[in-house]
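What follows is one chain in structure tokens, specifically the form predicted on its own.
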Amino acid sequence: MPKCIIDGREVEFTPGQNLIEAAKGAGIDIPLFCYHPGLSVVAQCRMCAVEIEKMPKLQTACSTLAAEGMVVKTKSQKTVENQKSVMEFLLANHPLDCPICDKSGECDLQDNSYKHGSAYSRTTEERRTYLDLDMGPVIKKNMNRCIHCTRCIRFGSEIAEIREMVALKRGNNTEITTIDGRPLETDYAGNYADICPTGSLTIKDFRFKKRVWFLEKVPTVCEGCSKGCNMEIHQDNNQIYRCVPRENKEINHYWLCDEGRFNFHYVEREDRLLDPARTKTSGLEVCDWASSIDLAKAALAGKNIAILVGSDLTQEEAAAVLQFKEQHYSQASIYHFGTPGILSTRDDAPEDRILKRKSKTANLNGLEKLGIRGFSKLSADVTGLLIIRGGRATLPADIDGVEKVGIGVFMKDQALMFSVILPGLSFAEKDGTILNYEGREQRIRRALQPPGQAKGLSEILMMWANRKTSHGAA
């Protein structure tokens, strides 16, 4: 591999790599604002300018490709003076609102100001001010904090494929906004806040809720569709505050759709059933686990049953269900369900040209690999259903008229269609494996402790199998 010299160190780089990426690979940090590896290079913030031997002027590291034998200085006097000047320029209008800004703790401007700025300000002029602007259901803008990096504009036109963010006016009066002030239309609006290097674009769902340094970050996989985008769950005190994309250049690069980003809210809905319960004419009646399993087994005793498993279950859970079926309900048929109109991987397809897919569950491919077929309609000879889901799978239509027992995540209005509900775990409360539409095996990780009396599926099936009753299979 070719080599260059950065700050006196010999650094290997890949041909075509810019100096920022080459330095990063060697653990050398070059400060930046406008550059993002997933966007085009504009070299307009000038923060990454470095000194290169045999070049009379500083060169922006984002737009300069590393070359064999190139000698680069990121800490020379000229470079450091430029960094201080750029920081002073950017902070001339920036408000001193770090104590209330959601970006505080993960703000590039804050970090670079501390590392490369000056402790003193020569500014005496009044700062420019704008009113906060609502940009639709996802984003709220605080233009006072904007440093004109144009990452948002480039993301909209290059990644989201919709030119909705623009820069109006010039110089000190430049304002980043939507065309004609319209709300954002893209289904990927949350990424605007992710890539904003300051707190100018904030996610309304997370706004003012929690300081980021209190959040525990758990790497996992989005369950929103069969793409299997990598993301992090950020939680504190067993409560999810947000989900953010996690870089995986083979699957989702740096991005996450809004559907996957905000999917976690069902996990903590107030009407989620967290206790074993049975349905009576007066409504739901909470039971203990022992009696609820007895009731569930009694409800299906003597019935010709079918087992429906959601394609939001993990491979381990689906395998446990198959083993349970063979040992205790060997005559039962078994099918998967999850997205209306998607019976198999053949029906799955891209929903847009970015990330989203038509199958709205993460493990459709995995269940097919285990030999489980898609559910289309209820057979006339079936008199009982055991329905198992993780929380994302949509319940099948036209399953009335038979006895039903549910295991998994259900809301109270959904639970009324079942004779008995045994509460299970959502994707955020368990570990497991999924296979995305390409067959890539990925791991989801537990971020939360099980709420209420909810239990893991393997434990529920074990309790069912080992509880001796006079009803049906034991």
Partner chain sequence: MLLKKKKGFLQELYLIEIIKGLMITMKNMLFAPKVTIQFPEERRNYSDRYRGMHYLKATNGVENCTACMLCPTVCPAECIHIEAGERPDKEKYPVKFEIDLLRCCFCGMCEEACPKDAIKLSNIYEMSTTYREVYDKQFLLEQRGNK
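Positions refer to the first chain, counted from 1. These numbers were taken from a predicted model, which means no experiment stands behind them.
Form predicted together with its partner chain: not shown, discussed below.
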{"item": "In the predicted bound form, the one of 100, 349, 131, 290 near its partner chain [non-hydrogen atom within 4.5 angstroms]", "value": "100"}
{"item": "Proximity to its partner chain in the predicted bound form, single hit among 145, 272, 404, 357 (heavy atom within 4.5 Å)", "value": "145"}
{"item": "Distance check, residue 211 to its partner chain in the predicted bound form, heavy atom within 4.5 Å", "value": "yes"}
{"item": "Contact label in the predicted bound form: residue 207 to its partner chain, heavy atom within 4.5 Å", "value": "yes"}
{"item": "Listed range touching its partner chain, judged in the predicted bound form by heavy atoms within 4.5 Å, from 186-194, 162-170, 92-100, 317-325", "value": "92-100"}
